[in-house]
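Before any questions on how it binds or moves, here is one chain, the form predicted alone, in structure tokens.
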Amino acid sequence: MVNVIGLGYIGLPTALMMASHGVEVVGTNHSQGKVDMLKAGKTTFEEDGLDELFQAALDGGIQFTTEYQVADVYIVSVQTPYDKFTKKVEMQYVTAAIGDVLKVAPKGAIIVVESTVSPGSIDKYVRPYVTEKGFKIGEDIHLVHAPERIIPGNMIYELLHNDRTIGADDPDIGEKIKVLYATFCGGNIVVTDIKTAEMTKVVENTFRAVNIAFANELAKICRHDGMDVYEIIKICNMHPRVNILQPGPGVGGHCISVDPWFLVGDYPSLAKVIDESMKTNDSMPDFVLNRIYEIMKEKGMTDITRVGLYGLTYKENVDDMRESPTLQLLESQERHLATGLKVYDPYITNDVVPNQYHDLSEFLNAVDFVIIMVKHNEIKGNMERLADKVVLDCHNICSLPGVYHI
């Protein structure tokens, strides 16, 4: 039996996927409200295909509880934030979950950490913790790291098809976990050591962050000298060995905007390119805010309350707001002692920020200037409704005449 600890954006789909493929699964979460919601047959966030997967998991016998179970395998999928000052990973949620696991785990149980951690975190934090609790690693408890590799908006497909990495002290234990993941994963599953598995996950997201930063820096350079960054990228990408990404209003989510900082925090004298890249990406919401004020000045607009941000989530067609550029922009506006921007997102139904709207028509009627922060399908299908607006398109998706870009 598998006990999945943490039923958030990663833990819940993983638990459902295993249960729908014949694995006996109990999902554990500290929130009674979330557990009650799942027991009532309702998923806790929106994701294409999640409701169908949930039903298949229910048919497969999955159970939900706040209690830790006696199990053969524990999959720990809890949050790993980072300290914004030191840039180091904070492991308290992982160690707390493992502490509760150790209270019920039978001899020989395998603890799989899916949470993303910096290289060496399991050696530095988890091993000493387990040993201090009186357990002998390799006999009483086996440790494994199997970093998740999925993204909101495409979770189900990626769980089924993405390659996976299993890091283990003992290759035989690694192979056992490989067999478990192979019940649903059709991609290649590589077994390696724990520290290598830790490093590969962080490096994957760092690679993406650095490449995004290059595109964002190009946007700043081109804006400074009146050049069209999108035309330049399009021409450059005609080269057979060039593939420049598109710039945007910032980077959000709990992977690309967070994981590279782990390397900066652990290797401050070495991770120079990574550090500058993260600073570039983090600067983009401020850059967009400055563009808003520039355009308002150019157009003779003085009423900030007639300006609206379209999109609150960190990416299109999901309800995940973690580290979203829009939230960062609003925080920056507050730091400059200014407020008043209106906000709308079709995926966020509860009030999370001031001046938030929940209907597209009401939002558009209330503003004269629209900033496209997120390229949801909804706005792509309603571009004609922006024809009488001033538009700052942060994603180059609007073909209306007179549109401004970052």
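Residue indices: 1-based, along the sequence shown. Quick caveat: nothing in here was measured; it's all calculated off a predicted structure.
What comes next is about the form predicted in complex with a small molecule, which does not appear here.
Each of 208, 252 and 314 places at least one heavy atom within 4.5 Å of the small molecule in the predicted bound form. Using a 4.5 angstroms limit between non-hydrogen atoms, residue 218 is distant from the small molecule in the predicted bound form.
Using a 4.5 angstroms limit between non-hydrogen atoms, residue 212 touches the small molecule in the predicted bound form. Residue contact check for residue 87: none of its heavy atoms lie within 4.5 Å of the small molecule in the predicted bound form.
Among heavy atoms of residue 223, none comes within 4.5 Å of the small molecule in the predicted bound form. A heavy atom within 4.5 Å of the small molecule in the predicted bound form is found for exactly one of 100, 286, 140, 204: 204. For the options 180, 194, 256, 105, the residue carrying a heavy atom within 4.5 angstroms of the small molecule in the predicted bound form is 256. Heavy atoms within 4.5 Å of the small molecule in the predicted bound form are found in exactly one of 243-251, 225-233, 79-87, 171-179, that being 243-251.
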